[in-house]
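Below sits a lone chain in structure tokens, taken as the form predicted on its own.
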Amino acid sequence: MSKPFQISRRFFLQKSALAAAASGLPLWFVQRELAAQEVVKTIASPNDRPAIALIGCGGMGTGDAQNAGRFGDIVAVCDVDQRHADAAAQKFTKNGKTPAKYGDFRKLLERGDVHAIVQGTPDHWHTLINIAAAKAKKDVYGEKPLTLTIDEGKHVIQAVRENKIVFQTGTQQRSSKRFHLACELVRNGRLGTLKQVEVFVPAGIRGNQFKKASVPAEFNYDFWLGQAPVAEYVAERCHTTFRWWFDYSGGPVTDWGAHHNDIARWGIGLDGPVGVEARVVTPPLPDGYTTPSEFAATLTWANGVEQIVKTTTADSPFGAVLDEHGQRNGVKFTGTAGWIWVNRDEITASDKQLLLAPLPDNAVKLEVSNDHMGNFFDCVRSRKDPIASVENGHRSACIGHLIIIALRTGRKLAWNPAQEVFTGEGAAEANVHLARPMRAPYDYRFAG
């Protein structure tokens, strides 16, 4: 059974003031967000804790599972690298109970006692595992980006909706107060007419001439390759560095870009852009990683907004927002009445009053979530859509995929976001990249 608890107004005001002081957010916004949450919340009893399985036991997956462990119990782990599965099983051993270990996610999904999946595999495995989990009626917290291609997103949406599961995309900035405030102010015209959105992302890495080695005995490398083409094993191809190969990911475009492009789209308020062009700034080295480490892209939106997405090492005009490589990392919204800069550490504006002045009571209010994993498990119980629904995950991932297609074709392209096809000059060449061939047997049939 679950039980309710009440919070007093005095406690609410104290909590609001402390939260505002700690976060640097305006008090009016903190109070409104806290008030928007249910006054009577539900505390789950130990009997309400769902059984969770982790698929993909690398650093991101393990971190996500540890986060999910606040709300449920990790009963099973799965990875094609036995070393990762062993480490995860040890990490999540609790009260003498060790999670079951699997090397094939399909076997794990046969378990009737598993309620939710935390999915932290490399990008090229997201789609098939998400579809298989949906068909097995498991709710899913799936890492970003949602898919490897635009066409895959349609298949994932269909599987999620047909099987009526709860799906949360791991774009956790949707549950950040700073990003929420920035997008809500933009959507309510605080910047006047929005003209430009700049997205800054850390550059990728370069490397080549990797030393070839034997596949470790504990690693099912063919399974890891999955739908991707057969490739000779090198350690730099797998695990954390998979993201710098086009066969498995999209480099900086879909790494940090997946997070910040989601925020850009949230602030713009439309499903997708209508045009894209991109250029490689720093090309990959021969016989090495295949994604460019630095790029620049421009997307146009139907409301006239220009979105610029780029890696940069230039001096930042925003002071302490540089990352460890001296790069900008965040989103800047610019309108006719000023600008707002936001990242995970701060939110600033050209005029402080842009942030401090409360919005009117009739303002557009975006959905509130202050805990991305918590929002997922709240929705597991309520059966409502979480804040980063599968459709949101798909539409935001499409921005990165469009940039990648523009980079790979070298063309300026027109895009129809409703039909999800390229139109006009170069469309025939670009539309070929909406999907990729899947190596048998790791195609859609593999997902059941």
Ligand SMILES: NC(=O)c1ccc[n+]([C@@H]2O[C@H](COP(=O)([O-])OP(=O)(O)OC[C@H]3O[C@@H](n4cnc5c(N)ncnc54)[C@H](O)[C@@H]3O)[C@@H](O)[C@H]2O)c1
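A quick note: this is a predicted structure, and the numbers were derived from the prediction, not measured. The first residue of the shown sequence is 1; numbering continues from there.
Below, we refer to the form predicted together with this ligand, which is not included among the displayed structures.
Worksheet entry | Partner-facing stretch of 299-307, 266-274, 202-210, 140-148, counted where any non-hydrogen atom is within 4.5 angstroms of this ligand in the predicted complex | Looking at the other structure, the answer is 140-148.
Fill in: Answer option from Leu185, Leu109, Met373, Val80, heavy atom within 4.5 Å of this ligand in the predicted complex
Checked against the cut-off, the match is Val80.
Worksheet item: From the list Pro284, Gly250, Gly170, Gly335, which entry has a heavy atom within 4.5 Å of this ligand in the predicted complex?
Response: Of Pro284, Gly250, Gly170, Gly335, the residue with a heavy atom within 4.5 Å of this ligand in the predicted complex is Gly170.
Practice prompt. Indicate whether this ligand has at least one heavy atom within 4.5 Å of a heavy atom of Asp123 in the predicted complex.
Written response: So Asp123 counts as contacting this ligand.
Worksheet item: If you check in the predicted complex, is Gly400 within 4.5 Å of this ligand, heavy atoms only?
Response: No - in the predicted complex, heavy atoms of Gly400 and this ligand never come within 4.5 Å of each other.
Discussion item. Please tell me whether any heavy atom belonging to His239 falls inside 4.5 Å of a heavy atom of this ligand, as the geometry stands in the predicted complex.
Written reply: Flag for His239 set to yes.
Discussion item. Can you work out whether Phe223 and this ligand are in contact in the predicted complex, taking contact to mean some heavy atom pair no more than 4.5 Å apart?
Written reply: Phe223 belongs to the contact set for this ligand.
Worksheet item: Which residues within 50-74 place at least one heavy atom within 4.5 Å of this ligand in the predicted complex?
Response: Residues within 4.5 Å: Ile55, Gly56, Cys57, Gly58, Gly59, Met60, Gly61.
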